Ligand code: HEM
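Take a look at this one chain, the form predicted on its own, written out in C-alpha coordinates.
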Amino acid sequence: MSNLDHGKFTRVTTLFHSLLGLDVFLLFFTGYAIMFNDELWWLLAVMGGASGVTAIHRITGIGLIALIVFWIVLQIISPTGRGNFSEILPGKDDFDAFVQDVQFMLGRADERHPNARQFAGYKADEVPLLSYIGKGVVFIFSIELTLLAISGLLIWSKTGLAAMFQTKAAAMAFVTFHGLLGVIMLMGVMFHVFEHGFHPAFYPVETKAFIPRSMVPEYHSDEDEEPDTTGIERLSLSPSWRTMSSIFGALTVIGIVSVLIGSIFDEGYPVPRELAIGGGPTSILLTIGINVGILVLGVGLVLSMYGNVLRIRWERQMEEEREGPAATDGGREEPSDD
(Lines give C-alpha, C1' and ligand atoms only; values in the text may rest on other atoms or scores of the structure.)
Protein backbone atom coordinates (compact mmCIF):
# COMPACT_ATOMS: atom_id res chain seq x y z
CA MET A 1 0.00 0.00 0.00
CA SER A 2 1.08 3.58 -0.50
CA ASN A 3 0.17 6.59 1.60
CA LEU A 4 -2.62 7.20 -0.90
CA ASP A 5 -4.53 4.39 0.78
CA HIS A 6 -4.72 6.05 4.19
CA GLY A 7 -8.27 5.85 5.52
CA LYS A 8 -10.45 8.94 5.59
CA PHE A 9 -13.68 7.52 7.01
CA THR A 10 -14.83 5.74 10.16
CA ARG A 11 -15.86 2.09 10.33
CA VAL A 12 -19.54 3.08 10.51
CA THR A 13 -19.18 5.28 7.43
CA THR A 14 -17.48 2.57 5.37
CA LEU A 15 -20.12 -0.01 6.36
CA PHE A 16 -22.89 2.49 5.61
CA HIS A 17 -21.31 3.14 2.19
CA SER A 18 -21.34 -0.60 1.41
CA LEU A 19 -24.94 -1.11 2.54
CA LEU A 20 -26.13 1.99 0.68
CA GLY A 21 -24.32 0.86 -2.47
CA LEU A 22 -25.91 -2.60 -2.31
CA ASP A 23 -29.37 -1.11 -1.76
CA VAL A 24 -29.02 1.40 -4.61
CA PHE A 25 -27.75 -1.27 -7.01
CA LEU A 26 -30.77 -3.45 -6.22
CA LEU A 27 -33.10 -0.47 -6.72
CA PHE A 28 -31.57 0.12 -10.15
CA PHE A 29 -31.70 -3.53 -11.18
CA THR A 30 -35.35 -3.87 -10.18
CA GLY A 31 -36.49 -0.42 -11.32
CA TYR A 32 -35.01 -0.75 -14.78
CA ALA A 33 -36.10 -4.36 -15.13
CA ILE A 34 -39.62 -2.91 -14.90
CA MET A 35 -38.96 0.15 -17.04
CA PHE A 36 -37.02 -1.66 -19.79
CA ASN A 37 -38.84 -4.98 -19.46
CA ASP A 38 -38.43 -5.74 -23.18
CA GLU A 39 -34.69 -5.08 -23.26
CA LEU A 40 -34.06 -6.60 -19.82
CA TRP A 41 -36.49 -9.51 -20.03
CA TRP A 42 -33.87 -11.89 -18.62
CA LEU A 43 -33.38 -9.72 -15.52
CA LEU A 44 -37.13 -9.57 -15.02
CA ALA A 45 -37.29 -13.39 -15.23
CA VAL A 46 -34.36 -13.87 -12.83
CA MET A 47 -36.08 -11.73 -10.20
CA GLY A 48 -39.34 -13.65 -10.33
CA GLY A 49 -41.29 -11.81 -13.00
CA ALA A 50 -43.37 -8.68 -12.56
CA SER A 51 -44.61 -9.50 -9.05
CA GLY A 52 -41.20 -10.61 -7.80
CA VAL A 53 -39.26 -7.64 -9.13
CA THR A 54 -41.89 -5.21 -7.80
CA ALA A 55 -41.69 -6.79 -4.33
CA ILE A 56 -37.88 -6.60 -4.30
CA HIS A 57 -38.02 -2.97 -5.47
CA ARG A 58 -40.36 -2.04 -2.62
CA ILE A 59 -38.30 -3.91 -0.01
CA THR A 60 -35.09 -2.21 -1.11
CA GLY A 61 -36.98 1.09 -1.16
CA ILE A 62 -37.87 0.57 2.51
CA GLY A 63 -34.21 -0.28 3.12
CA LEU A 64 -33.18 3.00 1.51
CA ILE A 65 -35.50 4.96 3.79
CA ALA A 66 -34.16 3.11 6.83
CA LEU A 67 -30.56 3.92 5.83
CA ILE A 68 -31.39 7.59 5.26
CA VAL A 69 -33.08 7.88 8.67
CA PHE A 70 -30.18 6.05 10.35
CA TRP A 71 -27.62 8.36 8.76
CA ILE A 72 -29.49 11.54 9.70
CA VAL A 73 -29.83 10.41 13.32
CA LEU A 74 -26.16 9.39 13.43
CA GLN A 75 -25.04 12.82 12.19
CA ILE A 76 -27.11 14.47 14.92
CA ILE A 77 -26.18 12.34 17.95
CA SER A 78 -22.58 11.44 17.11
CA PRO A 79 -19.76 13.95 17.80
CA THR A 80 -17.82 12.49 14.86
CA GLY A 81 -20.88 12.81 12.67
CA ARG A 82 -21.42 16.43 13.62
CA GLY A 83 -17.75 17.17 13.01
CA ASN A 84 -17.69 15.47 9.62
CA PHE A 85 -20.94 17.16 8.62
CA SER A 86 -19.39 20.56 9.22
CA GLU A 87 -16.41 19.53 7.08
CA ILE A 88 -18.53 18.57 4.08
CA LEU A 89 -20.56 21.79 4.07
CA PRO A 90 -19.49 23.87 1.05
CA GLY A 91 -17.96 27.25 1.78
CA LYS A 92 -16.21 30.17 0.14
CA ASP A 93 -12.97 28.17 -0.21
CA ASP A 94 -14.82 25.58 -2.28
CA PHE A 95 -16.17 28.25 -4.61
CA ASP A 96 -12.67 29.70 -4.90
CA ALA A 97 -11.36 26.21 -5.65
CA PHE A 98 -13.85 25.82 -8.49
CA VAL A 99 -12.88 29.20 -9.98
CA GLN A 100 -9.17 28.42 -9.66
CA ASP A 101 -9.69 24.99 -11.26
CA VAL A 102 -11.26 26.67 -14.28
CA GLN A 103 -8.34 29.10 -14.42
CA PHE A 104 -5.91 26.18 -14.07
CA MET A 105 -7.49 24.34 -17.00
CA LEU A 106 -7.27 27.53 -19.07
CA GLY A 107 -3.61 27.95 -18.16
CA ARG A 108 -4.21 31.06 -16.06
CA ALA A 109 -3.26 29.50 -12.69
CA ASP A 110 -0.05 27.70 -11.74
CA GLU A 111 -1.65 25.13 -9.43
CA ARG A 112 -4.95 23.86 -8.12
CA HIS A 113 -6.58 25.31 -5.03
CA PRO A 114 -5.99 23.38 -1.74
CA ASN A 115 -9.71 22.55 -1.56
CA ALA A 116 -9.43 20.80 -4.91
CA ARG A 117 -6.69 18.45 -3.72
CA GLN A 118 -7.46 14.78 -3.52
CA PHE A 119 -4.18 12.90 -3.18
CA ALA A 120 -1.50 13.56 -5.81
CA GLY A 121 1.74 14.72 -4.22
CA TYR A 122 0.34 15.90 -0.88
CA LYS A 123 0.49 14.72 2.69
CA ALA A 124 -2.60 13.26 4.28
CA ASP A 125 -3.14 16.30 6.51
CA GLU A 126 -2.89 18.59 3.49
CA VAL A 127 -5.78 16.90 1.74
CA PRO A 128 -9.33 17.87 2.83
CA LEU A 129 -11.79 15.20 3.90
CA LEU A 130 -13.61 15.91 0.65
CA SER A 131 -12.64 18.16 -2.23
CA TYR A 132 -15.25 20.59 -3.53
CA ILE A 133 -16.09 17.98 -6.17
CA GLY A 134 -16.56 15.33 -3.51
CA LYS A 135 -18.81 17.63 -1.52
CA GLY A 136 -20.89 18.25 -4.62
CA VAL A 137 -21.26 14.51 -5.21
CA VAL A 138 -22.35 13.93 -1.60
CA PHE A 139 -24.97 16.68 -1.72
CA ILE A 140 -26.30 15.71 -5.14
CA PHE A 141 -26.60 12.04 -4.16
CA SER A 142 -28.20 12.97 -0.83
CA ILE A 143 -30.84 15.15 -2.47
CA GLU A 144 -31.54 12.57 -5.18
CA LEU A 145 -31.86 9.69 -2.70
CA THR A 146 -34.16 11.69 -0.44
CA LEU A 147 -36.42 12.74 -3.32
CA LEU A 148 -36.43 9.20 -4.71
CA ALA A 149 -37.49 7.85 -1.32
CA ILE A 150 -40.27 10.42 -0.88
CA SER A 151 -41.62 10.08 -4.41
CA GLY A 152 -41.35 6.30 -4.21
CA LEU A 153 -43.50 6.25 -1.09
CA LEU A 154 -46.10 8.49 -2.71
CA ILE A 155 -46.40 6.34 -5.84
CA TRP A 156 -46.49 3.07 -3.89
CA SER A 157 -50.24 3.05 -4.41
CA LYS A 158 -51.18 4.18 -7.92
CA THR A 159 -54.79 4.71 -6.89
CA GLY A 160 -53.79 6.80 -3.89
CA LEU A 161 -51.43 8.88 -6.01
CA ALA A 162 -54.11 9.60 -8.59
CA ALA A 163 -56.53 10.58 -5.81
CA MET A 164 -53.95 12.87 -4.23
CA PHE A 165 -53.29 14.72 -7.49
CA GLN A 166 -56.95 14.60 -8.59
CA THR A 167 -56.13 13.82 -12.23
CA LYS A 168 -54.30 10.97 -13.90
CA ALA A 169 -52.17 13.43 -15.87
CA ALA A 170 -50.92 15.04 -12.66
CA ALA A 171 -50.21 11.64 -11.15
CA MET A 172 -48.28 10.58 -14.24
CA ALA A 173 -46.25 13.77 -14.07
CA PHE A 174 -45.21 12.83 -10.53
CA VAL A 175 -44.29 9.31 -11.61
CA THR A 176 -42.27 10.85 -14.43
CA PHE A 177 -40.44 12.95 -11.85
CA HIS A 178 -39.53 9.77 -9.94
CA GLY A 179 -38.28 8.14 -13.13
CA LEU A 180 -36.31 11.23 -14.14
CA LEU A 181 -34.47 11.21 -10.82
CA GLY A 182 -33.70 7.53 -11.35
CA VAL A 183 -32.27 8.16 -14.82
CA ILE A 184 -30.09 11.04 -13.61
CA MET A 185 -28.81 9.08 -10.64
CA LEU A 186 -28.18 5.98 -12.73
CA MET A 187 -25.88 7.96 -15.01
CA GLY A 188 -24.09 9.42 -11.99
CA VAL A 189 -23.59 6.02 -10.38
CA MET A 190 -22.18 4.56 -13.62
CA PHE A 191 -19.64 7.36 -13.79
CA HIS A 192 -18.92 6.96 -10.06
CA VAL A 193 -18.12 3.26 -10.61
CA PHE A 194 -15.73 4.11 -13.45
CA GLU A 195 -14.07 6.98 -11.58
CA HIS A 196 -13.31 5.07 -8.38
CA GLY A 197 -12.82 1.60 -9.82
CA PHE A 198 -10.48 2.52 -12.66
CA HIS A 199 -8.43 5.40 -11.29
CA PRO A 200 -4.78 4.60 -12.10
CA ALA A 201 -3.69 5.07 -8.47
CA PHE A 202 -6.36 2.76 -7.00
CA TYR A 203 -7.26 0.27 -9.75
CA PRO A 204 -9.19 -2.00 -9.41
CA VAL A 205 -10.82 -0.61 -6.25
CA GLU A 206 -10.33 2.39 -3.99
CA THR A 207 -9.66 0.77 -0.62
CA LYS A 208 -10.22 3.92 1.47
CA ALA A 209 -13.94 3.61 0.74
CA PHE A 210 -14.01 0.21 2.48
CA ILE A 211 -11.15 0.11 5.00
CA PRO A 212 -11.74 2.55 7.90
CA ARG A 213 -9.08 4.99 8.97
CA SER A 214 -8.68 3.22 12.34
CA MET A 215 -7.20 0.24 10.48
CA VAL A 216 -4.84 2.08 8.15
CA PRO A 217 -1.86 4.21 9.27
CA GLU A 218 -1.51 7.74 7.99
CA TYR A 219 1.62 6.76 6.08
CA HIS A 220 3.50 3.59 5.16
CA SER A 221 7.25 3.76 5.57
CA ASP A 222 10.08 2.01 7.36
CA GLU A 223 11.46 5.40 8.33
CA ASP A 224 10.54 7.14 11.57
CA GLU A 225 9.72 10.44 9.91
CA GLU A 226 6.62 10.99 7.83
CA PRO A 227 7.45 11.40 4.14
CA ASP A 228 6.85 14.69 2.37
CA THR A 229 4.29 13.34 -0.11
CA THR A 230 1.67 10.64 -0.39
CA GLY A 231 4.05 8.46 -2.35
CA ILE A 232 2.19 8.66 -5.64
CA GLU A 233 5.51 9.05 -7.43
CA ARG A 234 6.50 5.53 -6.30
CA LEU A 235 3.47 3.87 -7.86
CA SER A 236 3.56 2.01 -11.16
CA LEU A 237 0.58 1.39 -13.42
CA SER A 238 -0.96 -2.05 -13.46
CA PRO A 239 -0.24 -3.76 -16.82
CA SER A 240 -3.97 -4.25 -17.45
CA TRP A 241 -5.08 -0.76 -16.39
CA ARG A 242 -4.83 0.97 -19.76
CA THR A 243 -6.77 -1.71 -21.62
CA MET A 244 -9.39 -2.28 -18.95
CA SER A 245 -9.97 1.42 -18.28
CA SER A 246 -10.41 2.10 -22.00
CA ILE A 247 -12.87 -0.77 -22.41
CA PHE A 248 -14.84 0.05 -19.28
CA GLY A 249 -14.84 3.76 -20.09
CA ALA A 250 -16.40 3.00 -23.47
CA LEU A 251 -18.96 0.69 -21.85
CA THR A 252 -19.85 3.39 -19.33
CA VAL A 253 -20.49 5.95 -22.08
CA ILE A 254 -22.53 3.44 -24.10
CA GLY A 255 -24.57 2.51 -21.04
CA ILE A 256 -25.31 6.11 -20.05
CA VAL A 257 -26.31 7.16 -23.56
CA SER A 258 -28.42 4.05 -24.13
CA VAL A 259 -30.35 4.39 -20.88
CA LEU A 260 -31.01 8.06 -21.61
CA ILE A 261 -32.19 7.36 -25.16
CA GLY A 262 -34.19 4.34 -24.06
CA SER A 263 -35.96 6.33 -21.37
CA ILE A 264 -37.06 8.82 -24.01
CA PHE A 265 -38.10 6.53 -26.85
CA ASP A 266 -38.97 3.16 -25.33
CA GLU A 267 -42.25 4.06 -23.67
CA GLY A 268 -42.20 7.74 -22.85
CA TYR A 269 -39.76 9.90 -20.90
CA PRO A 270 -38.56 8.76 -18.52
CA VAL A 271 -41.10 6.10 -17.48
CA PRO A 272 -43.88 4.15 -19.24
CA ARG A 273 -46.83 6.22 -20.42
CA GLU A 274 -49.16 4.10 -18.33
CA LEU A 275 -48.92 3.18 -14.66
CA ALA A 276 -48.19 -0.45 -15.51
CA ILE A 277 -45.44 -2.62 -16.93
CA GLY A 278 -45.44 -1.80 -20.59
CA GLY A 279 -44.08 -3.37 -23.71
CA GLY A 280 -43.49 -2.55 -27.30
CA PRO A 281 -41.09 -2.67 -30.18
CA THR A 282 -37.43 -2.04 -29.49
CA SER A 283 -34.22 -1.89 -31.49
CA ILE A 284 -31.36 -4.36 -31.25
CA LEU A 285 -28.75 -1.66 -30.74
CA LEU A 286 -30.77 -0.03 -27.97
CA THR A 287 -31.28 -3.41 -26.33
CA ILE A 288 -27.54 -4.06 -26.39
CA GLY A 289 -26.76 -0.59 -25.05
CA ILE A 290 -29.19 -0.84 -22.12
CA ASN A 291 -27.81 -4.28 -21.23
CA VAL A 292 -24.32 -2.76 -21.33
CA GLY A 293 -25.51 -0.21 -18.78
CA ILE A 294 -26.72 -3.02 -16.52
CA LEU A 295 -23.34 -4.72 -17.03
CA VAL A 296 -21.59 -1.57 -15.80
CA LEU A 297 -23.78 -1.59 -12.69
CA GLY A 298 -23.02 -5.27 -12.23
CA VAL A 299 -19.30 -4.55 -12.32
CA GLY A 300 -19.87 -1.83 -9.72
CA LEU A 301 -21.63 -4.31 -7.46
CA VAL A 302 -18.79 -6.83 -7.87
CA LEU A 303 -16.18 -4.15 -7.07
CA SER A 304 -18.14 -3.17 -3.97
CA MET A 305 -18.17 -6.80 -2.82
CA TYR A 306 -14.45 -7.08 -3.61
CA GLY A 307 -13.74 -3.98 -1.51
CA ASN A 308 -15.45 -5.61 1.45
CA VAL A 309 -13.49 -8.81 0.89
CA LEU A 310 -10.29 -6.74 1.04
CA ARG A 311 -11.49 -5.18 4.30
CA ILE A 312 -12.11 -8.61 5.83
CA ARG A 313 -8.71 -9.87 4.69
CA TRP A 314 -7.06 -6.72 6.07
CA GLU A 315 -8.78 -7.22 9.44
CA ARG A 316 -7.59 -10.82 9.60
CA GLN A 317 -4.04 -9.81 8.70
CA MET A 318 -3.96 -7.15 11.42
CA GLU A 319 -5.35 -9.65 13.95
CA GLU A 320 -2.67 -12.17 13.04
CA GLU A 321 0.03 -9.52 13.39
CA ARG A 322 -1.26 -8.56 16.84
CA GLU A 323 -1.38 -12.17 18.01
CA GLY A 324 2.14 -12.83 16.73
CA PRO A 325 3.63 -16.29 16.13
CA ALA A 326 0.92 -17.99 18.15
CA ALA A 327 -1.58 -17.19 15.39
CA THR A 328 0.39 -19.16 12.82
CA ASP A 329 0.18 -22.48 14.71
CA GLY A 330 -3.31 -22.04 16.09
CA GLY A 331 -2.06 -20.80 19.44
CA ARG A 332 -1.14 -24.29 20.63
CA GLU A 333 2.19 -25.33 22.04
CA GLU A 334 3.83 -28.45 20.70
CA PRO A 335 4.04 -31.21 23.33
CA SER A 336 7.53 -31.88 24.66
CA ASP A 337 9.24 -35.26 24.54
CA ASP A 338 9.87 -35.28 28.30
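Treat the numbers as computed from the prediction; the structure is a model and nothing was measured. Numbering starts at 1 and runs along the sequence shown.
Separately, the form predicted together with this ligand exists; it is not shown, and the next lines address it.
The candidate stretches are 103-111, 251-259, 76-84, 175-183, and the one lying within 4.5 Å of this ligand in the predicted complex by heavy atoms is 175-183. Of the heavy atoms in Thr54, some are within 4.5 Å of this ligand in the predicted complex. Proximity of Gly289 to this ligand in the predicted complex: non-hydrogen atoms within 4.5 Å are absent; the residue sits far from the partner.
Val138 belongs to the set of residues with a heavy atom inside 4.5 Å of this ligand in the predicted complex.
Within this chain, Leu237 is remote from the site of this ligand in the predicted complex, having no heavy atom within 4.5 Å. If you take 30-51 and check each residue for a heavy atom within 4.5 Å of this ligand in the predicted complex, you get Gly31, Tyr32, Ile34, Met35, in sequence order.
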